[in-house]
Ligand SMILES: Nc1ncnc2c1ncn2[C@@H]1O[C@H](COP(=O)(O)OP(=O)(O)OP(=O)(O)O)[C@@H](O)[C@H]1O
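The form predicted on its own is given below as one chain in structure tokens.
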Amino acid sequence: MVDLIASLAHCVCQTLLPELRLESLDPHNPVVVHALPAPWRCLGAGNYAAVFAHPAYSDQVVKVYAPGRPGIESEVEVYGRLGDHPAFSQCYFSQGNFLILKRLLGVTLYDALHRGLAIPPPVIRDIDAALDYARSRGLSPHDVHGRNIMQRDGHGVVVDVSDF
């Protein structure tokens, strides 16, 4: 696993970051991706950062903070406090303005509502339990909403802990 993460970090530094054009136009709106090299794919963008995937690394994602946006150090600390929990990603690596995270698959609750997909009660219970767990680790979860929560196979996961 260490070699895989080192390989991905090298790939980020050699292929993604040199050609990526990411900008935060307004701190209250998602960052804008102006340029993204192939074969990288943008999975989503928040107010501070965007998340990218490379097809050769299917179990990891790369979160890149936009220039001038704070929070990466805090996010690394949050992942350290959360440890290994099934409802949260894990931070494998951080350097400069990017993190390498465990990829969580599923459908956001926001997308589920828009598509008319059912959200089973166990998904909500999983999210409640995950947030209770985060609080037990001395964190204060907020900014938890339909775009930061996903469901997969009847279970819920929290995909963004940057504001914990």
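Start at 1 with the first residue shown and count on from there. As the structure is a prediction and not an experimental result, all values here were calculated from the model.
Keep in mind that the form predicted together with the named molecule is missing from the display, and what follows is about it.
Consider the chain as shown here, without its partner, and state which of I124, L131, L43, L36 has a heavy atom within 4.5 Å of the named molecule in the predicted bound form. Checking each option against the named molecule in the predicted bound form, the one that comes within 4.5 Å is L43.
Is Q151 close enough to the named molecule in the predicted bound form to count, meaning some heavy atom within 4.5 Å? Taking the distances in the predicted bound form, the answer for Q151 is no, it never comes within 4.5 Å of the named molecule.
Going by a heavy atom distance of 4.5 Å, is L104 a contact of the named molecule in the predicted bound form? Output for L104 is yes: heavy atoms within 4.5 Å of the named molecule.
Close approach of T108 to the named molecule in the predicted bound form, 4.5 Å, heavy atom: Judged by the heavy-atom cut-off of 4.5 Å, T108 is in contact with the named molecule in the predicted bound form.
Is there a non-hydrogen atom of L8 within 4.5 angstroms of a non-hydrogen atom of the named molecule in the predicted bound form? Although the named molecule is absent here, L8 would stay clear of it in the predicted bound form, with no heavy atoms inside 4.5 Å.
Any residue of 118 to 146 that, in the predicted bound form, places a heavy atom within 4.5 Å of the named molecule: Sequence-ordered list: D143, H145.
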